[in-house]
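Given as structure tokens, the chain that follows is alone and in the form predicted on its own.
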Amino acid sequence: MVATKQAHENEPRRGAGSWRRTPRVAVSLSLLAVALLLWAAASASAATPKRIVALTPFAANTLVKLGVQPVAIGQTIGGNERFAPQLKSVKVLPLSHPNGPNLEQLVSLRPDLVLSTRTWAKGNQAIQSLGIRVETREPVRVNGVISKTLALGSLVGKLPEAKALVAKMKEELGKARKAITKRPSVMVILGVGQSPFTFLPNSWGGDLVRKAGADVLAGGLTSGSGFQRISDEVVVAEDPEILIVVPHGDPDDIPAIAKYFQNDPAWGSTTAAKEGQIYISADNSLLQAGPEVGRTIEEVRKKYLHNWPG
């Protein structure tokens, strides 16, 4: 009995009240944790946009693949063939430099989110001044498609779907880049009216054509924008094996621009002209990003580079 009493006396002393408070504190903390989780879930739900305007092919087509239908999409230079079939009946907003969409038309749609790009930086500021949320989740390189898809999925509350889409994209990219053995020299030209601008390796189209296996020539020019005005003399000096021209202008002018560059006599001495390898890409796929990047690389290899196996 003495030993037992001493053992009890040697234990840390606890006030009688502390035994009663501990369960209450635990219960209170549990309730607080539940409350915080419910609040976070409610906040996430409230923050998930419902009426989305997607101004780029990447944003519009990615939304559809994630199971989200935008209330409007932005016009593309190459026409509506860039868009998924599910977007056929969606309103198309005309875009003009440097502002992007007409604000009156945009406001009438009552959007709670506009997915835009840095191209429309001035317009983005005007849209935000009206209290409309603007976000840019636009890839400028092929590898950026993966991270931007995940970011877009998180933004619209579709992260699991975005992860599944990314897995499919990676698989398609792997197949599209298989067995590249032929690497022709290529210049990608943006034809603005009758003025040529070269796609630099840091542009979407330049990077995509490089990923398809081309040695992209740019006359030693550099620019943060990914494009630079180039002279016919530099094109001739570079002497590319293949020239890919992306006509840029009003939709009605595209055929005339394409015809001009495809028959440009100033390029007549280039290997590309002599071999009949001046190609026109008028579907916008080299100018603006899209989630179907694997398929686009495969098409570039088959139609322009001729380095697809078999």
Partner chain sequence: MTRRLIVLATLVALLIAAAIAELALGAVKVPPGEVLDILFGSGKAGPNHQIVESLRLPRTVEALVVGAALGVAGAILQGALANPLASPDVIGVTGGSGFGAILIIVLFPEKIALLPIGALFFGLLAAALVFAFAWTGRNRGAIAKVVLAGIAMLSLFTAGTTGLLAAFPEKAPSAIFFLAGGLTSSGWENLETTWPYFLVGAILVAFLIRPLDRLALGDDVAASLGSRPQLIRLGAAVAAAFLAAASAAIAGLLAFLGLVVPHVVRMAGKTSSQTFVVPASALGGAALLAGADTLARTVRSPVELPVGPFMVILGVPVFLWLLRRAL
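This is a predicted model, so every value here is computed, not measured. Under this definition, the rigid core comprises the largest set of C-alpha atoms superposing within 1.5 Å between the forms. Positions refer to the first chain, counted from 1.
Form predicted in complex with the partner chain: not shown, discussed below.
Peer 1: If we take heavy atoms and a 4.5 Å cut-off, which stretch out of 170-178, 126-134, 203-211, 232-240 is in contact with the partner chain in the model of the complex?
Peer 2: After filtering at 4.5 Å, what remains is 126-134.
Peer 1: Could you tell me if V107 has a non-hydrogen atom within 4.5 Å of the partner chain in the model of the complex?
Peer 2: V107: contacts the partner chain in the model of the complex.
Peer 1: Is N102 part of the interface with the partner chain in the model of the complex - any heavy atom within 4.5 Å?
Peer 2: Contact with the partner chain, yes.
Peer 1: State yes or no: in the model of the complex, is some non-hydrogen atom of K122 no more than 4.5 angstroms from a non-hydrogen atom of the partner chain?
Peer 2: The answer is yes: K122 has a heavy atom within 4.5 Å of the partner chain.
Peer 1: Even though the partner isn't displayed, in the model of the complex is F197 close enough to the partner chain, meaning a heavy atom within 4.5 Å?
Peer 2: So F197 counts as contacting the partner chain.
Peer 1: Which one, P94, G220, P85, P160, lies within 4.5 Å of the partner chain in the model of the complex by heavy atoms?
Peer 2: It is P94 that has a heavy atom within 4.5 Å of the partner.
Peer 1: Can you pick the one in S225, S185, S147, S154 that has a heavy atom within 4.5 Å of the partner chain in the model of the complex?
Peer 2: Contact residue from the list: S225.
Peer 1: Following rigid core alignment, is the displacement of the T181 C-alpha between the shown form and the other one equal to or greater than 2 angstroms?
Peer 2: No.
Peer 1: Determine, after fitting the two forms on their core, whether N143 shows a C-alpha shift of 2 Å or more between the shown form and the other one.
Peer 2: After core superposition, the displacement of the N143 C-alpha between the shown form and the other one stays below 2 Å, so no.
Peer 1: Spell out whether the Cα of N99 moves at least 2 Å between the shown form and the other one when the two forms are superposed on their rigid core.
Peer 2: True for N99: a C-alpha shift of 2 Å or more.
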